[in-house]
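Next up is one chain by itself, shown in structure tokens, the form predicted on its own.
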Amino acid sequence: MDEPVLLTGAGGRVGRAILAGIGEAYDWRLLDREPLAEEHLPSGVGADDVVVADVTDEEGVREAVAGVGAVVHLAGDPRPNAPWDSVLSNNIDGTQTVLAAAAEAGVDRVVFASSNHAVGAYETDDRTPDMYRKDDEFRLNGTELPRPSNLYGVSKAAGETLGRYYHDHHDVSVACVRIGNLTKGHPPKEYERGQAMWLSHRDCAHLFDRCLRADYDYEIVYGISDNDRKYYSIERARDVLGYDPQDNSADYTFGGEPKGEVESRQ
């Protein structure tokens, strides 16, 4: 891609994972509501490539979007227990502001960071904890309706719908990534649900790279690694995006240690 990629929420956990993995692959423009620490900036990204603005700031977002070829939209309030006034302003209004500015500027594609919380209420009492285990066949594949588990999840479902609107009416390619449990180095420790939806930093960066390179119209995919225990299907991400995850929570003990290291000590 010859034009820059705008990354909103660049200083957050997902943004740092993306930049650490594919920071050298693109010409970036980074947006965050706070100044970014230099150690989080990829090589070649300087002060002129960083925009300090809130995603609800229409003028600031329009300036950030000008001249870019794609947008990866991560910014928002990430708290699962965030109150309605915050998710409405930061997540719903903010996503609308970014999508509207992208469409107005003629941006070809937007990658939207959705969340497992958009479908968290599928985890009913009669399905759990079995659905978190390897032999259970229940799968969500992205074709199901949203079923949010909290107001944060409501805001992510709204973002997916906004993406659908801007694809249908403004011809923007939109990929919505329902991100699982992102941790660095190992899966969540002693947490069945987290291990079933683990997304490693390596696979996270690779998935967003594929979202920037593949050809698609409007897609909802799940952002998890290739875990033996999973209740999210990654087949759509494989087929449409060319996603090829390398990590698997089954390669670690329940306590988060690599099994090879444990076996070598025995």
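Computed from a prediction, not measured in an experiment: that's the story for all the values here. One-based numbering along the sequence shown.
The discussion below concerns the form predicted together with a small molecule, not included here.
- In short, of 101-109, 161-169, 133-141, 73-81 it is 73-81 that has heavy atoms within 4.5 Å of the small molecule in the model of the complex.
- Annotated contacts: S115, Y152 and R193 all touch the small molecule in the model of the complex [non-hydrogen atom within 4.5 angstroms].
- At least one heavy atom of G180 is located within 4.5 Å of the small molecule in the model of the complex.
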